[in-house]
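Consider the single chain below, provided in structure tokens and representing the form predicted alone.
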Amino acid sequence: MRIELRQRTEDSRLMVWLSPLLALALTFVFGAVLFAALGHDPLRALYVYFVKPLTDAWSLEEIVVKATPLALIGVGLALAFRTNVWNIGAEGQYTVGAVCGSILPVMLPEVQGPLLLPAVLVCGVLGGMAWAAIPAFFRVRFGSSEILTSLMLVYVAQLLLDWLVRGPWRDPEGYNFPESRLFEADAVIPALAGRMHFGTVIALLAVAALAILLGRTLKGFEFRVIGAAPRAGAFAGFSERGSIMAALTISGGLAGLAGIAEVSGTIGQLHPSISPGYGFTAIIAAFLGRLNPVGVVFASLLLALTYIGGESAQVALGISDKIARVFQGAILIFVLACDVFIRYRLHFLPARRAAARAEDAP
């Protein structure tokens, strides 16, 4: 018997919603096998990793803190991916947004007042948009792959940040550590509770705005049409180049906003490591959330749990904190694998028919 994949006449709506759940189930099975291979009780290890953080108030708070940048970046990526624009460089846009948003608090610390924080956030958004506009320009002008250009710019952005905090922006009172001066109070995002800050509210507002844009506006319809059928969009009078530029710059702006919100609201200063890989993890959040802004929020919370669960497992089980990356990668692989069944179905071909078809093939 031979198994074939045959394309469906139309996409399976059932699998659209079952696919993420099936991917999560497969991830848990994979995790159980992984923990068993490492010599740990699989059930206890999965409990420590996925359940224990949900029973602790501090862990729940940290999940929200880590989900905030993931949701901000993820909704922007969902918009870009729906437009068939593959922005893989959100990590760089996040970094440049953090750098640009820090210009006023670091270079002009004497500037204070109620308008300082909005100016800081706007600078972060503009920085992310400008960094995303580079691969967008090369895509629409020269047909370059935005996958490669946006990804390569990640390393440029990280090296720029590293140079700044070790050189011109290093705090003269920081005992020679590679970090900028601390932000003054007017440049810090107000706290909500504990380490949670107003950036979470900003993220939820951004999610609501993107949901309305995609579902209720002509521009959102244009993004979706250009992503699904560029020729049909051209016949409708939509500009493919304009949509690509807009989708990339909007996603870059949201990544930049996430960067400065994380620095201003959680860290309080610039240093070389301002992200544990939020820009890349948000790609998983976008796909796990079915490229739906509301779905991205729930996916971001789940992926934030993998960060906190990794720390919990490191303490309780003595395993590497890199296990979080393993689980995040497994989720992405299983999501993409399960998505195959949205467009294809399994077809079991009897051995005789398979042999006859092989003989008839040229």
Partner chain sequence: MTGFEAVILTIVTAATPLLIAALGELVTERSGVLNLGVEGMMIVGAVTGFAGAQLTGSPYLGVVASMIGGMALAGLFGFLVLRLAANQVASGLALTLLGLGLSGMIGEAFIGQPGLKLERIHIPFLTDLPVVGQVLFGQDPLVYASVALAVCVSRFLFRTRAGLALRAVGNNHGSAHMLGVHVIRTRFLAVLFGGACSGLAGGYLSLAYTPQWVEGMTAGRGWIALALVVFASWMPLRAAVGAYLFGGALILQFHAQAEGIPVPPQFLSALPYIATVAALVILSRDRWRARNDSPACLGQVFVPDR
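None of the values given here were measured: they were computed from a predicted structure. Residue numbers count along the first chain shown, from 1.
The same protein also exists as the form predicted in complex with the partner chain; that form is not shown, yet it is the one meant from here on.
Contact annotation: of the candidates Met129, Leu270, Ala203, Ile284, the single residue with a non-hydrogen atom within 4.5 angstroms of the partner chain in the model of the complex is Ile284. Contact between Lys219 and the partner chain in the model of the complex is not found at the 4.5 Å heavy atom cutoff. Proximity of Ala45 to the partner chain in the model of the complex: non-hydrogen atoms within 4.5 Å are absent; the residue sits far from the partner. Contact check for Ser144: a non-hydrogen atom falls within 4.5 Å of the partner chain in the model of the complex. Using a 4.5 Å cutoff between non-hydrogen atoms, Arg166 counts as a contact of the partner chain in the model of the complex. With respect to the partner chain in the model of the complex, the three residues Leu104, Cys123 and Phe198 uniformly fall beyond 4.5 angstroms at the level of their nearest heavy atom.
Partner proximity in the model of the complex, defined as non-hydrogen atoms within 4.5 angstroms of the partner chain, places exactly one of 208-216, 109-117, 275-283, 253-261 at the interface: 275-283. Looking at 134-159, the residues that come within 4.5 Å of the partner chain in the model of the complex, counting any heavy atom, are Phe138, Arg139, Val140, Arg141, Phe142, Gly143, Ser144, Ile147, Leu148, Thr149, Leu151, Met152, Tyr155, Val156, Leu159.
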